[in-house]
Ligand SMILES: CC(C)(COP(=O)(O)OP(=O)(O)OC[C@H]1O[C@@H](n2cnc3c(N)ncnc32)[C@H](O)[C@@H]1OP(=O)(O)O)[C@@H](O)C(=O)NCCC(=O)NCCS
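Taking the form predicted on its own, here's one chain by itself in structure tokens.
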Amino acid sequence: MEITQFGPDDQVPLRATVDVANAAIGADAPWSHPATLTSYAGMLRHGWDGEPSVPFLATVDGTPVAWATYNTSEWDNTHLAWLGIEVHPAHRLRGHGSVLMDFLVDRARSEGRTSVGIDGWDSDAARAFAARHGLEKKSQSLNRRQLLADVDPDLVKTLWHGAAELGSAYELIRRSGLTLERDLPALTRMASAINDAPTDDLDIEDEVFTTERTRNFETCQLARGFRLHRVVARHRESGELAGHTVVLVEAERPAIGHQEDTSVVRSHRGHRLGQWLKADMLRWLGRIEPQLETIDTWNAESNDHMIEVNDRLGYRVLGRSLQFQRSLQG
């Protein structure tokens, strides 16, 4: 098997990767939206916040059989490398995934990383692969989808008003695109509340938020072809930002949306701000993105509070992903 690193401008391996990814999606998660050249090139060029994955294409006698990604950060968790491996369904059970796993683990060791992790859809095959390579399940998360045509606007209105009554000390602010420079420090402080979300047994540190990283997130999402919408809750008396919710809408496929962070600062909890923020986002999107059909979200399965809010707003479970991790020390 030949393993070749490539970049977002390398059209031949990029197309082959998208084909492998879509074959894997069809077999493992048929509800997922197919990959596109645009979405994968954008991910490999910009990453989430300026630290893109390193991609590899695996071929046998010139035939693409698998692809992999190697993900690290210099912002935080500098002990960790997160890996991604997808094998084409027609080429499974031949050891290709294991060769890629060993290759990526060797890279992590050579760079001084002391832990590796990988995701997999909940299946016997994923669990067996993880066990074979000494990885233990440390967390599990749920992929949910909201079908906007099935969402009752009267219910959303009721949830909005019910939360607004409890949150009368706050006001909601809607923003699309880049945050104003003057507001970045306050937004950054508030966004760090996401570190309170459960991480179960994963060996990970809190994310480090800086104004540079906050700006990177916004510019990278816009450069990847997403429209970025944010609703922020602000405490009227102090002016402090108390929470936010973010939705990305694909410009290439504007019927598809992605729910990103929803978080509330600890000192401002207990006022149903999360419910208010998400309900307000739905009402706003109905006006500015009327073509939107679905919104996908991910939550750790142990995040009872956010799951309860999502259930109220009509999100339904599509599938479960497992997170595995192992130490490279000892």
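When you see a residue number, it is the position in the sequence shown, counting from 1. Every value quoted in this text rests on a predicted model; they were computed, and no experiment measured them.
Beyond the structure shown, there is the form predicted together with the ligand, which is absent from this document and is the topic of what follows.
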property: Position in contact with the ligand when the complex is considered in the predicted complex, options 184, 118, 241, 220, heavy atoms within 4.5 Å; result: 118
property: 142, 228, 202, 126 - the one with a heavy atom within 4.5 Å of the ligand in the predicted complex; result: 126
property: Partner proximity in the predicted complex: residue 96 to the ligand, non-hydrogen atom cutoff 4.5 Å; result: yes
property: Touches the ligand in the predicted complex: residue 28 (any heavy atom, 4.5 Å); result: yes
property: Touches the ligand in the predicted complex: residue 175 (any heavy atom, 4.5 Å); result: no
property: Residue 253, heavy atom within 4.5 angstroms of the ligand in the predicted complex; result: no
property: Location of the ligand contact in the predicted complex, chosen stretch of 153 to 161, 104 to 112, 81 to 89, 68 to 76 [non-hydrogen atom, 4.5 Å]; result: 81 to 89
property: Residues in 202 to 225 with any heavy atom within 4.5 Å of the ligand in the predicted complex; result: none
